[in-house]
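Just one chain is shown here, as structure tokens, and it is the form predicted alone.
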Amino acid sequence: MEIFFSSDVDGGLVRLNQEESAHCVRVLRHRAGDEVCIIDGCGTMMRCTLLEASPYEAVARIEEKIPGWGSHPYHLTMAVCPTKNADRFEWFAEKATEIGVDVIAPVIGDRSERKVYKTDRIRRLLLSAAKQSLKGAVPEVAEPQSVREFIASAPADSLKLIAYCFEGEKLSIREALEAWNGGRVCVLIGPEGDFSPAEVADALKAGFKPVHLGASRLRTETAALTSVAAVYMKYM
């Protein structure tokens, strides 16, 4: 199933930008009269008939709108410290999109090796992953902020979880999720050097619950993806 993306929806018509148009017309050789499927990035998939097969701006007529296409029954925010190797963070974000995530929030910790993170490339990767995994919604990528800024602004109506390596009393993430009846979850994952004790103290004061992800010591991106999978399996 070929999926295209457009945010240019006007009444009963939808227009593809030049990149999507070229892929539709030049690469896949669609012509006027063909049926094409287009997502709006906000959760709706539109079944359309191609009217103008231009490789610069293809235009299609909407025949049917399917809201909530490929959606999941929860809202998940993953606040994760970008890794020193940017490819590892991008791998996590891509796979998290395939499984099911709503917000990816890059956060910078006291011990982060990567102090600056640009979001342009990851936004393109998430759009591609959403189309590949048949989802109508593309996850939001928040602008980078410090761990403490995120802690202070984390949604109050969410189950707020923090995973860290040093000792302390913790539930497993499975136990924490099983005890939660709501649909909004927020998980905070630290950098390669872990959170600082001061960051953890701030998180606990703000209502975050400490969790562990099992006996294995996991890389940042693996811990983050394990958390996404745990939430997915809780609600599936």
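We number the residues from 1 along the sequence you see. Note that this is a predicted model, so its numbers are computed, not measured.
As for the form predicted together with a further copy of the same chain, it is not shown, yet the points below apply to it.
J.: Tell me which stretch of 171 to 179, 22 to 30, 35 to 43, 198 to 206 has a heavy atom within 4.5 angstroms of a further copy of the same chain in the predicted complex.
T.: Only one stretch qualifies here: 171 to 179.
J.: Is V9 close enough to a further copy of the same chain in the predicted complex to count, meaning some heavy atom within 4.5 Å?
T.: Contact check for V9: no, nothing within 4.5 Å of a further copy of the same chain in the predicted complex.
J.: Do L134 and a further copy of the same chain share at least one heavy atom pair within 4.5 Å in the predicted complex?
T.: L134: yes, in contact with a further copy of the same chain in the predicted complex.
J.: I'd like to know if D110 sits close to a further copy of the same chain in the predicted complex, meaning any non-hydrogen atom pair within 4.5 angstroms.
T.: Heavy-atom contact with a further copy of the same chain at 4.5 Å: absent for D110.
J.: Can you tell me if Y232 lies within 4.5 angstroms of a further copy of the same chain in the predicted complex, counting non-hydrogen atoms only?
T.: Although a further copy of the same chain is absent here, Y232 would touch it in the predicted complex, with heavy atoms inside 4.5 Å.
J.: Scan 203 to 236 and write down, in order along the chain, each residue with a heavy atom lying within 4.5 Å of a further copy of the same chain in the predicted complex.
T.: Result: H212, L213, G214, A215, S216, R217, L218, R219, E221, T222, L225, T226, A229, A230, Y232, M233, K234, M236.
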